[in-house]
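One chain is shown next in structure tokens, namely the form predicted alone.
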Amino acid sequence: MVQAAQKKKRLGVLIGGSGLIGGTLAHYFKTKTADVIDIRAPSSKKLSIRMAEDIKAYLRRVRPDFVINTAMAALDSDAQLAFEVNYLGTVNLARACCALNIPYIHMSSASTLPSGENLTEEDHLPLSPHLSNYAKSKLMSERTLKYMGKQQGLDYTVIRLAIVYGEHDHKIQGFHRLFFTIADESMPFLFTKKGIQHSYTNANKLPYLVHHALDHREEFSGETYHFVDKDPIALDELILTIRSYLELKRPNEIYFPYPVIRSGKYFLERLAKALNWFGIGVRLPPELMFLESFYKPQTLSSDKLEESSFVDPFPDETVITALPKLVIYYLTRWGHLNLITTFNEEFFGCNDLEDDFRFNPRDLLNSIHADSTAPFVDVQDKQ
């Protein structure tokens, strides 16, 4: 009777588990739901979503109860890679889920939306050749999933994310590129206009929505939801708040007009191409493609999600309230990687072992040999 009453443990496949969103989801399912949900996060070596046969073989073998796709090609990928990863990968995963009759959770992006305020789930950019490869592939994915939902009965949910923030992003990209630029004091002025607002997505909250959507398919199937903090934040306010936390003098509170910034971007692009002729590889940050967005508002309405059965687990947490822990995490990480050295001693104090490693390695080695090389007693086999 007890065994019959127990729910069957579900098995899920997570695509893109090495990124910020995928890694956050994997950590959540492995630590919060291990008794009821088992998650697999295959690397691209085990499962390349660019290859339909890889997808079919892996899902046939694993037979999951659901699939979550957080994978994406780099923002500045060429047309082929963006098409194969962001679009064809999405479609082939959806076709496999449709065949297995299981839910498919897809992460999309606010890049599919125009600029503007209080944008709803029904808003989207027109599909045009002039869109970036990233935006075009994401928009096509959304449209095909909607089509497959109507024509093939696909059980899907699309979750649109805005500017994502959170810990454990091992790449410097998106919001964290902005944060790094301020911490590195390489932003002399404000590259925006006063009061330009954007929406932000808290990566730590997202797993709770995904879990809820999986448990409430009747409500969430065939739907698109914006997942953003309720209140947007002005970009200049965010930049100046980060500057204040870091106790820096830059950037100066001077607003640079977009035409000047655009000219500078054009110059850098030409310079990078010129240096390539001399064998000097220069790669500009891919976020430069969104530079114009710094001067235009884009805020996403969260009304549809708020009216659903989902309850925000941390309603008071925003990108502003999360800044203290983000500052500690990323300055520590970037300091260890020698990307930023300004804050090491000021913020985190001295570490005796670190000092010995740097200045007295021979004494440290002898000390370890004398005191810390015996086998761990608590992991030895019990006889």
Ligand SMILES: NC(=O)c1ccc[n+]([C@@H]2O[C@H](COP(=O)([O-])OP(=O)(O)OC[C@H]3O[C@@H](n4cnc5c(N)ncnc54)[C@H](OP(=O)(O)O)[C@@H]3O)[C@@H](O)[C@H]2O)c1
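Note that the coordinates shown come from a computational prediction; the quantities given were computed from them, not determined experimentally. Residue numbers here begin at 1 and follow the sequence given.
The protein also exists as the form predicted together with the named molecule; that form is not presented, and the subsequent description refers to it.
> Any of the heavy atoms of L47 lying within 4.5 Å of the named molecule in the model of the complex?
L47: contacts the named molecule in the model of the complex.
> Is the gap between N92 and the named molecule in the model of the complex 4.5 Å or less for some heavy atom pair?
Because no heavy atom of N92 falls inside 4.5 Å of the named molecule in the model of the complex, the answer is no.
> At 4.5 Å between heavy atoms, is Q173 in contact with the named molecule in the model of the complex?
Answer yes; at least one heavy atom of Q173 falls within 4.5 Å of the named molecule in the model of the complex.
> State yes or no: in the model of the complex, is some non-hydrogen atom of G16 no more than 4.5 angstroms from a non-hydrogen atom of the named molecule?
Flag for G16 set to yes.
> Which pick from Y104, Y200, F220, Y134 sits with a heavy atom within 4.5 Å of the named molecule in the model of the complex?
Looking at Y104, Y200, F220, Y134 one by one, just Y134 meets the 4.5 Å heavy-atom criterion.
> In the model of the complex, which of the listed residues (T192, T157, Q298, S108) lies with a heavy atom within 4.5 Å of the named molecule?
In short, S108.
> Looking at heavy atoms inside 4.5 Å, which stretch does the named molecule contact in the model of the complex, given the options 302 to 310, 243 to 251, 141 to 149, 108 to 116?
Answer to the contact question: 108 to 116.
> Between the named molecule and L20, V85 and A162, in the model of the complex, does every residue show a non-hydrogen atom at 4.5 Å or closer?
Judged in the model of the complex, L20, V85 and A162 all sit within 4.5 Å of the named molecule.
> So which bits of 51 to 73 sit within 4.5 Å of the named molecule in the model of the complex, heavy atoms only?
If the 4.5 Å heavy-atom criterion is applied to the named molecule in the model of the complex, 51 to 73 yields T70, A71, M72.
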